[in-house]
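There is one chain below, alone, in structure tokens, taken in the form predicted on its own.
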Amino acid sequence: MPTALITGITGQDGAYLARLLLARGYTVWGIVRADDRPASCKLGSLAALRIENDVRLAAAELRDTASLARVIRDSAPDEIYNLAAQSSVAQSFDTPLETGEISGLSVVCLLQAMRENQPDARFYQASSSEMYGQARETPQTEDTPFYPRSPYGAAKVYAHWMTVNYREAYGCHASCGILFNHESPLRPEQFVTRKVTTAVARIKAGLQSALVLGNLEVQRDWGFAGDYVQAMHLMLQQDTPDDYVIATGEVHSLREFVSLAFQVVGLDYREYVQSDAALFRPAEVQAVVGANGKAARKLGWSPRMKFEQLVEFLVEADIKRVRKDESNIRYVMEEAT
């Protein structure tokens, strides 16, 4: 029975990945913060997917190689998935040092701990489309130069190239997935997609009257997180490690996302949504869209959920959430088709 170790296991991607691996017979370990007690830490997304009792949790400090080494020795993983990060692009402008440490330097700590204690393990690094920033070409491929436009994007570039360095310098089986925006009902509400769908549900229920957003003209390549974790797993099943763009290949504006979300509940977004320039990012990424041809050819991967299905799925999940006691995280989730 293979064993996997996941950092960021209580987040969106960590929970979906853990569920996938458990279904495939893995023993799944997850790292939680050292200042949390594993028995009482916030289980968040794991509880929402009803797998919180199926994973083994261990406390470690991501910026401390020694504590990471201890967890790696205890779990002896065949595969390590690094999904932990300070993942809010907007917040990274307010906390650039913390973002650099958590999303950048901690990756080197983990790679070094793996190299010294479990050198045959296979390693996955969660890279990001934010690394492209002011993209030099459209669509973006694995060969498109990086031009990050945020502290988050810059930290991810560092982590990406350090992963490549460990692969080339030390022979580590280390792969990077350059994931474009991927959403689910497990996304925290500070992310714009959940901000939109939660507001739609609350407006429909008469609990909110308006929604204020930033730049409605930004364009993103949005997919479903449950599809994207399958690509992560496929990367570590390959004989040769490599880097892959994971994306839908379709681009949609935030205005289009908002319009579709309100259409799900039979409302016209123009009656409820305002754009406030104060919410624009200091250095905005206007448009990103990924080319997933390499992942299709080498991994046999392609996204299943279409954009329109994704928006409807998110809105319906938040409608159910709003109808329930919001303190109860064990809300009913419909499976994606």
Partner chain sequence: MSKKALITGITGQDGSYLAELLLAKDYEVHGVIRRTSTFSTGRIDHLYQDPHDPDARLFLHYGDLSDAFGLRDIIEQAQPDEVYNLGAQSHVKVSFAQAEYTADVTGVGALRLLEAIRAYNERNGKSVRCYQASSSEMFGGAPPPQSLHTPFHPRSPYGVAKVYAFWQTVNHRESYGMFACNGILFNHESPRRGETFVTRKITRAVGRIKMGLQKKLYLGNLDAKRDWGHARDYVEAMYLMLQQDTPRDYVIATGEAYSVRDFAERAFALADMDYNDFVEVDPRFFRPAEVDYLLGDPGENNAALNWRPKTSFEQFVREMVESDMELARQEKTLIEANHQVTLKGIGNQ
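Positions refer to the first chain, counted from 1. Predicted model only: the values in this text are computed from it and were never measured.
Here the subject shifts to the form predicted together with the partner chain, a form of this protein not shown in this document.
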>> Check R149 for me: does it contact the partner chain in the predicted bound form (non-hydrogen atoms, 4.5 angstroms)?
In response: yes
> Just to confirm, G249 within 4.5 Å of the partner chain in the predicted bound form by heavy atoms?
Replying inline: no
>> Taking the partner chain as it sits in the predicted bound form, is K306 near enough to touch it, meaning that at least one heavy atom pair lies within 4.5 angstroms?
In response: no
>> Even though the partner isn't displayed, in the predicted bound form is D120 close enough to the partner chain, meaning a heavy atom within 4.5 Å?
In response: no
>> Just to confirm, with a 4.5 Å cut-off on non-hydrogen atoms, which of P241, G100, P185, P139 contacts the partner chain in the predicted bound form?
In response: G100
> Counting only heavy atoms and a 4.5 Å cut-off, does the partner chain in the predicted bound form sit next to every one of T65, Y158 and Y170?
Replying inline: yes
>> Please identify, from 224-232, 194-202, 161-169, 208-216, the stretch that has a heavy atom within 4.5 Å of the partner chain in the predicted bound form.
In response: 161-169
>> At 4.5 Å, heavy atom to heavy atom, what parts of 287-316 sit next to the partner chain in the predicted bound form? List them in sequence order, or say none.
In response: none
